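Listed next as C-alpha cells is one chain, alone, in the form predicted on its own.
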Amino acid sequence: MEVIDSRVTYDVLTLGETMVRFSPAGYERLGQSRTVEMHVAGSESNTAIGLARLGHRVAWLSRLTNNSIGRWIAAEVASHGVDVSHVVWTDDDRVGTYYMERGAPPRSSQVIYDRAESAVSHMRPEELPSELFCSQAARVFHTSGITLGISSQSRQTALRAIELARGAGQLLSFDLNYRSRLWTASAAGEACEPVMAQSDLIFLPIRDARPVCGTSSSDPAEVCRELHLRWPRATIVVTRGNLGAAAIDLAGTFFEQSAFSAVEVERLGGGDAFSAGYLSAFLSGKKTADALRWACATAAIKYTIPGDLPLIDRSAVAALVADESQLGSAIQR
C-alpha cells in the first residue's frame, strides 16, 4: 500500500528532547576508559529517524542550544531525512547529556543522566509552531512520557502540543517510556493518564504496566484487556523484550507477536525502533497483526546496530517480515 499521503505535509510530527550520549569503547568502564564515543540519542528523534528511513515524511520539534553540540544534533537528525526546520534555537541553557557504560553478564549496563536545566526543559508552549497543528499538516502527532517528565515547563509544552494536535484532528501516538530517574512511577502514572485517555495509539513496556498504570496482572493478555477497558479509544501495544509484543485493538481483539531472533549489539533505541516500525505499518494501512510483525522486525534489526539511532532500511525490514523461517509468528485471540 502507498506510504505517501499527498493530502498532508507530514505523516508524523514528533516532539521531544535529544541528548548527547557518551560511552566508553567496547565494554570498558567509565572510570577506566580515557576515550569515549559520542552518540545522538533521543526517544522521539529516534522514532522520527526510523520513520524517515522507512519512507515517511517526518518533522521533529524540540529546543536546542545554539552551539556546536546543538547544531551537530540537528544535522545528524536531518541527515536521515527528518525535517528539523521547526526546532527552536536558544543561546541560553544547555544540551542534555547522558553516560552509558555497556555491561556484560553478570555486570549490568549503567546509565548516568546529566540533563537538568537543558534547553528542552525550558521550552514554552508559545514556541510551538502553530502552523503544524492543522489538518493539512500531519496525520499523527507522537510524543512520550519522557517529555512530560523532564520538567513542569516541558510538560506544559507537550500538553499544549497534544491539545493543538487533537484540535486539528491529528491522531495521537503516545509512548509511555517511563524513566525512574526522571520521576516516580506514581507521578508518571498521574501525569500520563489523561494523555493516554485521549490517545489513538499507546506503546508501553509490560514491566511498567503494574507500577505506572496500576494493572493487577503481569500477563500480557490480561494487561491489554485491563488497559482496553480504561482507554477504549486506543490501540494498545505492549512490548515484552525478548518475548516479543502484544496488542489489543479497538474491537478488543488481542494479538501476540513473538520476537525475531537477532544477535544483540546495542539494545538502546530498540523501543523507539519498534514504535517506528509499528507506526510505519499503521500509516501504510496494515492491520494490527501485520503492524506488530513490522514493529518486532524493525526492533530486531536495530539491536544489531551500535548507537541509539535506528539506521534501518525498509527493504531489510520487509525481507525480515517476509522470512518464514523466523520465529516471528502472530497469534490472534
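Since we're looking at a predicted model, the values are computed, not measured. Sequential numbering from 1, following the sequence displayed. In this text, the rigid core denotes the largest set of C-alpha atoms whose superposition between the two forms falls within 1.5 Å.
There is another form of this protein, the form predicted in complex with a further copy of the same chain, and it is not shown here; the text below is about that form.
- The partner is absent here; in the model of the complex, the one residue of W231, W183, F254, Y99 having a heavy atom within 4.5 Å of a further copy of the same chain is Y99.
- The contact residue chosen from D219, D114, E127, E190 relative to a further copy of the same chain in the model of the complex is D114, the criterion being a non-hydrogen atom within 4.5 angstroms.
- Annotated contact segment (heavy atom within 4.5 Å of a further copy of the same chain in the model of the complex): 70-78, selected among 168-176, 119-127, 70-78, 143-151.
- The candidate spot formed by V95, I305 and I312 lies fully in contact with a further copy of the same chain in the model of the complex, as each residue has a heavy atom within 4.5 Å of it.
- Of the heavy atoms in K287, none are within 4.5 Å of a further copy of the same chain in the model of the complex.
- Within this chain, R63 is remote from the site of a further copy of the same chain in the model of the complex, having no heavy atom within 4.5 Å.
- Taking non-hydrogen atoms only, A262 approaches a further copy of the same chain to within 4.5 angstroms in the model of the complex.
- Contact check for R53: a heavy atom falls within 4.5 Å of a further copy of the same chain in the model of the complex.
- Contacts of stretch 37-65 with a further copy of the same chain in the model of the complex, defined by any heavy atom lying within 4.5 Å, are made by E37, M38, R53, listed in sequence order.
- In the core-superposed comparison between this form and the one not shown, S284 has its Cα shifted by less than 2 Å.
- A movement of the C-alpha atom of Q32 reaching 2 angstroms or beyond is seen between this form and the one not shown when the two forms are aligned on their rigid core.
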